[in-house]
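Only one chain is shown below, in structure tokens, and it's the form predicted alone.
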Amino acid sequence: MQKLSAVEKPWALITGGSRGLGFALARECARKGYHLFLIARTEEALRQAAGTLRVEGDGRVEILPLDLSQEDSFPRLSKALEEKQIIPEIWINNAGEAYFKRFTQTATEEESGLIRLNVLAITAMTRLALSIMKQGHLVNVASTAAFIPGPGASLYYASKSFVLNFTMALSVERKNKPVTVSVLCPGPLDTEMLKMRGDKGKRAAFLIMSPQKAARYALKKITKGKRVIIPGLLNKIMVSCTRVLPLGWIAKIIARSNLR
């Protein structure tokens, strides 16, 4: 994919764009010639990310601090895009939350926050994207966790299953439309989420991929309109295994990893 000229440059909107996979996707979009519109909760982190991306590239970088778990964030985003006359051609719903603990140990506030962000917000953002975009690619970020039950992080795994199945169904509904719909399912990435898991995260060391490598592969497939995107051969093999093994067995295997 060739870089675009300054006149032709389209926009890429990325939520959770200040760090981890979101930042890596932003960097890759910039490298391919897109202006960037980044959204995250923390303004300072957004400013730092934008500063880095402006130094690295020659495109515009706009930021909007938003907590997408709050309902008023969606009209605020719509208004900001309208005021700046930005119609994204890549829209990546990457923002999400995870808690790696037993369900009974999860506080009610954590539980409702995860559901609001991982399920309700991604639904609202998908609807908003399809009402604004004229052409291009809409991407919802799930995980390889979406294909399996996850004792030790049951709500997180279940929320990613929602993202996977919702987006796959939508991609069929939207077949042959000017906006393609894809779901990105990365495996374990070398991010803050992995560090948060401590020794438990290290048990999947053979699957861990750098965010930039995952982003580079993802963008290549996104622009081709691929429906389900799984970076990494080992991750593809693991997902294939989940289709033939009994879910009860898989749940026990995950429990050994997450609950020890």
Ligand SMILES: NC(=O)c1ccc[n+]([C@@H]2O[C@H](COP(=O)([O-])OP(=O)(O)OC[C@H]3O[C@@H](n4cnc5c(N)ncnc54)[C@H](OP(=O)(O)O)[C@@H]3O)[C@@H](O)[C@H]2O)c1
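This is a predicted model, so every value here is computed, not measured. Numbers follow the displayed sequence, beginning with 1.
As for the form predicted together with this ligand, it is not shown, yet the points below apply to it.
Proximity to this ligand in the predicted bound form, taken as heavy atoms within 4.5 Å, picks out 180 to 188 from the listed stretches 79 to 87, 165 to 173, 180 to 188, 123 to 131. Using a 4.5 angstroms limit between non-hydrogen atoms, residue 69 touches this ligand in the predicted bound form. Contact annotation for residue 48: none of its heavy atoms lies within 4.5 Å of this ligand in the predicted bound form. In the predicted bound form, no heavy atom of residue 136 sits within 4.5 Å of this ligand. Within 4.5 Å of any heavy atom of this ligand in the predicted bound form lies no heavy atom of residue 210. Proximity to this ligand in the predicted bound form holds for all of 21, 42 and 94, with the criterion being a heavy atom within 4.5 Å. Counting a residue when any of its non-hydrogen atoms is within 4.5 Å of this ligand in the predicted bound form, the hits in 145 to 162 run 156, 160.
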